[in-house]
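We begin with a single chain expressed as structure tokens, specifically the form predicted on its own.
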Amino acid sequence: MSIEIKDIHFSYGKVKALEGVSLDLPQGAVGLLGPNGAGKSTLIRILLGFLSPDKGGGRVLGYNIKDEQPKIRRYVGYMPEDDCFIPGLDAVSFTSYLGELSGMPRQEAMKRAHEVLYYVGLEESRYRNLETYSSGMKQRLKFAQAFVHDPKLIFLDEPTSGLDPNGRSEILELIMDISSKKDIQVLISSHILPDIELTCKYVVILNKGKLAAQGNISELKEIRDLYEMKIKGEVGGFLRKLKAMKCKVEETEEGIFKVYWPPDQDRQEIFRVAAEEKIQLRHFVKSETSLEDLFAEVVGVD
């Protein structure tokens, strides 16, 4: 396991950002999901050694997160959500400089900078001033600097944020390539769930500072009781009774209702309630859940 943490707690004053989070993450690409304020950024900062937990501990690449932070940062790459550029530099100078900050000799850092810029498709613009870069080019440059020093683990924070479809596709292809062919573990924090579903096999979902779910995406989706139904009649009373039974209900744009059914409830109850409310169920089938369905269920989105 490259990341192992146990019972992590962290607070900003009276605000609890993380409460009792424990993780053992496998190799490959792992998605980190959660609503705003769930604790994702705080967790990444703790794993990078920028913050020290109030309680709990763990290891990243075998190094203790509390007292071996410099070693962690030597072998870990980080692509932040916000721009992190130094004004006045071109892409080669910027990337090689960050390689030096990670402990590389200057000549090796410069050579490696040219290689990674070619890899991300910036070879023709590597001598241009960074201020002239488009949003897509800046994202690719942030991606390049994250692995210029040949890390074993990369944290990507919202790597496709603000990109057009083509730019988003290019970044996703790079993520899949490095995680599958270059033996680099990747932790991706993103609010774009289809990106996580495309690039990752394993997911961690945080909610209000606590671990809401973790595991292989395919297995997590299989165990969820999700049903689709089409309804004819006055639905207000019917939906209120379903929610009183702790069902979560969503209506799609196509007029289909998605019902997350509690595992301890008898499915036949839905037909009894429909009869009571004089509702016709025109369509009722078990649905194959998506990552969005799973996310909505575990974080309590109605």
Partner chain sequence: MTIKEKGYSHWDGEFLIKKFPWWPITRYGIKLTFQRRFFKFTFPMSLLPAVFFLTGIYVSERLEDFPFLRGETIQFLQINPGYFKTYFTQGFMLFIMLMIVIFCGSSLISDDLKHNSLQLYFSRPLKKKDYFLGKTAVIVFFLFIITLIPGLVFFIMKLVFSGSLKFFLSYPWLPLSIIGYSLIVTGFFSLYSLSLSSLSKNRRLVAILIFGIYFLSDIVYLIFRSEFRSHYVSLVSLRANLQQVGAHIFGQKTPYDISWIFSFLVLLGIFVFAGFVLKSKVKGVEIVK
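Residue numbers count along the first chain shown, from 1. Being a predicted model, the structure only gives us computed values, none of them experimental.
Omitted from view is the form predicted together with its partner chain, to which the following refers.
Residues placing heavy atoms within 4.5 Å of its partner chain in the predicted complex fall in a single listed stretch, namely 42-50, out of 57-65, 262-270, 42-50, 29-37. Contact annotation for S93: at least one heavy atom lies within 4.5 Å of its partner chain in the predicted complex. Of the heavy atoms in R168, none are within 4.5 Å of its partner chain in the predicted complex. Looking at Y119, you'd find a heavy atom of it within 4.5 angstroms of its partner chain in the predicted complex.
Its partner chain is not shown here, but in the predicted complex it comes within 4.5 Å of a heavy atom of K182. Residue Y75 is the only one of Y202, Y75, Y133, Y227 with a heavy atom lying within 4.5 Å of its partner chain in the predicted complex. Taking its partner chain as positioned in the predicted complex, the residues of 92-113 that bring a heavy atom within 4.5 Å of it are, in sequence order, S93, F94, S96, Y97, L98, E100, L101, S102, G103, M104, P105, R106, E108, R112.
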